[in-house]
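Listed next as structure tokens is one chain, alone, in the form predicted alone.
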Amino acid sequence: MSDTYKSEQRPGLFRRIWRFIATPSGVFSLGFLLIAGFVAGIMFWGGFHTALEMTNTETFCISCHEMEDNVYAEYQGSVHQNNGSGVRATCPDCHVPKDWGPKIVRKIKASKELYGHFVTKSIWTPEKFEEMRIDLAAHEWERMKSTDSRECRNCHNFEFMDFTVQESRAATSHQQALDEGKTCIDCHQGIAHDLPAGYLERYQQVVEKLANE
């Protein structure tokens, strides 16, 4: 009776998993493929996400001399780096979307910078960078306008501003921007980086060129 009872007991967890994985002939079954695919998917996703986030840091952004010697140097001491509240906005905070879909699109588009760094060396020297500055800035400003300054609004949003505690000029400007449907970058160009001489006129020329492309 005891032997019969033991033989009718439910097999252990590992034995049940093995029975699900392997067929009686010892050939791996569909169950094994499903489990293996699931595990591989987790490992791929973890590796991909880790690599993606490694490229989304200030350290990575300034790993090429073009950024470290130019825009990062200008960023030093700006209100986005040092301020009374101690809240910093680093490169990816301003230039990379937080939402998954837009972030991936942004990363794919930014991959052409590798071509510019290794092949064309389009902004390899300070002189080349300065020559291209307004074009680079215009592309970024237009991108920000197209998303209603999405990255700015991660920290700043008209809906949550208390105009009564702002300086009168700031409160008036923000209220006007809100009434006219303007976005942050319409007024806050050059808040973290230098602006070239006569940039407004040159900016308009670049915008017109972009519109004709």
Partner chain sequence: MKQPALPRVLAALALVTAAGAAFAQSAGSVQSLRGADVDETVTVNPIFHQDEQRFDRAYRQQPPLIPHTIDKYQIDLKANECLGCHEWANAPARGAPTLSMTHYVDRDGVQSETVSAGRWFCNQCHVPQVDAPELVENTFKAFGQ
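Positions refer to the first chain, counted from 1. As the structure is a prediction and not an experimental result, all values here were calculated from the model.
The same protein also has a form predicted together with its partner chain, omitted here; what follows describes it.
Figure note: of the listed segments 135 to 143, 77 to 85, 103 to 111, 117 to 125, the one touching its partner chain in the predicted bound form, with heavy atoms no more than 4.5 Å away, is 77 to 85.
Although the partner is absent here, Asp162 lies well away from its partner chain in the predicted bound form, with no heavy atom inside 4.5 Å. Among heavy atoms of Leu52, none comes within 4.5 Å of its partner chain in the predicted bound form. In the predicted bound form, its partner chain stays beyond 4.5 Å of every heavy atom belonging to Asp93. Within 4.5 Å of some heavy atom of its partner chain in the predicted bound form lies at least one heavy atom of Gln176. Along 135 to 151, no residue reaches a heavy atom to within 4.5 Å of its partner chain in the predicted bound form.
The Cα-Cα distance between Gln204 and Lys128 is lengthened by 3 Å or more in the predicted bound form relative to the form shown here. Relative to the shown form, the Cα atoms of Tyr203 and Lys128 move apart by 3 Å or more in the predicted bound form.
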